[in-house]
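Given as structure tokens, the chain that follows is alone and in the form predicted alone.
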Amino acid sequence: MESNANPYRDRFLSIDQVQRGFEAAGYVCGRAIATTLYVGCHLNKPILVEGPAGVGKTELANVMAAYLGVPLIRLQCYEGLDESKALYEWKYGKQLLYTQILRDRMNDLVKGVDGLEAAMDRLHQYDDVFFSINFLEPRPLLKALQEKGGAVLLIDEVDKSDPEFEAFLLEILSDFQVSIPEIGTLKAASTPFVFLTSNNTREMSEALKRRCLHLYIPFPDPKIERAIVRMKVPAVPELLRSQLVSFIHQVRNLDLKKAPSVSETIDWARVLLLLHAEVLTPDLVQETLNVFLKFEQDVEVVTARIPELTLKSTREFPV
């Protein structure tokens, strides 16, 4: 791995091109998101994506991989994640096998050497043979750096990892390289397009933030969410689409344990389509609340307001 040229720039000639490309790939990309992606490409900067769960942070990386025509390499973060799971492991079994196969050759190497210490000194000259790139088992971070045609690297839910692991990421995020004690520094064959996502379960360090562009994705406004539903579930009637999005936005303003995500809005649209619904009714909402509410206490809160919320949605978008 010798160079880290950016292979993506012809897909980032303008912000408008990015918006059109993402829409063609199935992602409604607002101007702020497209601008951040455009800048991230030209500055070779990782993008730290924050926002509520279910607003499309992971999907952004998926669509980026499809847009660029490169593999998506995902590292799911969790407490206790370390280098051996994220970067590389030595292939100890292969090392042992080769040691057995080459046993006769090793006997030849120490032939005629007097004493254990002298024999060990002779063998130490060949240590590097068994600690070379051929005996490395690459994990997601190293795989992303080894992709010659480029890759999208998704470091998902980085806020779930330990602060020590976050510090370990700094070399990759700033220089797109890793240091392996037995081998040296390995640079990216092509600079990967890097996304880190966070649900804000803990604050990220200043050092990590300095190395990244920050992108906050909030819940979309009704106009954008209607466009998302239209793209993902095109068979839903326009009137029903407008009413259900209006209802979801009212629900998000309530005091709930978990507000409905965009993916749950899409699921609800699919369910209403399956039930051959044309417009929203209180009974229909009551029967399908569990599609977008995941806690019983939230169901109880919304159930008490169904007539009021449904009426407001249907008045906003009447038949």
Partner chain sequence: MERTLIEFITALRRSGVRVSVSETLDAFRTAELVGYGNRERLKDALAAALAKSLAEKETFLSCFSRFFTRDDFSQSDWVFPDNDDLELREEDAPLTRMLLSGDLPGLSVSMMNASRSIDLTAIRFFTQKSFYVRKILNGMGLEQLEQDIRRLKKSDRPGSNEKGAALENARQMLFENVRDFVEKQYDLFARSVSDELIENYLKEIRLSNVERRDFQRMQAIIRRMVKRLQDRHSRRRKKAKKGRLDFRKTLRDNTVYQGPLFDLRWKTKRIERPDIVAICDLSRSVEAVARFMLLFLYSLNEAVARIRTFVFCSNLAEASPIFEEYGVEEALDRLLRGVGVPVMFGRTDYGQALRDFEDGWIDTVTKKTTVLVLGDARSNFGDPGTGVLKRIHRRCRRVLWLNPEPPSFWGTGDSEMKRYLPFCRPARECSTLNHLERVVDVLLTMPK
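All values derive from a computational prediction rather than experimental measurement. Residue numbers count along the first chain shown, from 1.
From this point on, the text means the form predicted together with the partner chain, which you will not see here.
S.K.: Pick from Leu215, Val233, Leu81, Val178: which residue has any heavy atom within 4.5 angstroms of the partner chain in the predicted complex?
M.R.: Exactly one listed residue reaches within 4.5 Å, namely Leu215.
S.K.: Could you spot which one of Lys148, Lys223, Arg210, Lys187 gets a heavy atom to within 4.5 Å of the partner chain in the predicted complex?
M.R.: Here the answer is residue option Arg210.
S.K.: Please name which of the stretches 187 to 195, 202 to 210, 239 to 247, 109 to 117 has residues with heavy atoms lying within 4.5 Å of the partner chain in the predicted complex.
M.R.: This holds for exactly one stretch, 202 to 210.
S.K.: Going by a heavy atom distance of 4.5 Å, is Ile15 a contact of the partner chain in the predicted complex?
M.R.: Heavy-atom contact with the partner chain at 4.5 Å: present for Ile15.
S.K.: Within a 4.5 Å heavy atom cut-off, is Tyr92 in contact with the partner chain in the predicted complex?
M.R.: Close contact exists here: in the predicted complex, Tyr92 approaches the partner chain to within 4.5 Å, heavy atoms only.
S.K.: Verify the contact flag for Ala32: yes if a non-hydrogen atom of it lies within 4.5 Å of a non-hydrogen atom of the partner chain in the predicted complex, no if not.
M.R.: Contact check for Ala32: yes, within 4.5 Å of the partner chain in the predicted complex.
S.K.: With the partner left out here, check for me: in the predicted complex, does some heavy atom of Val39 sit within 4.5 Å of the partner chain?
M.R.: Within the cut-off, so yes.
S.K.: What residues in 283 to 313 sit within 4.5 Å of the partner chain in the predicted complex, counting heavy atoms only?
M.R.: If the 4.5 Å heavy-atom criterion is applied to the partner chain in the predicted complex, 283 to 313 yields nothing.
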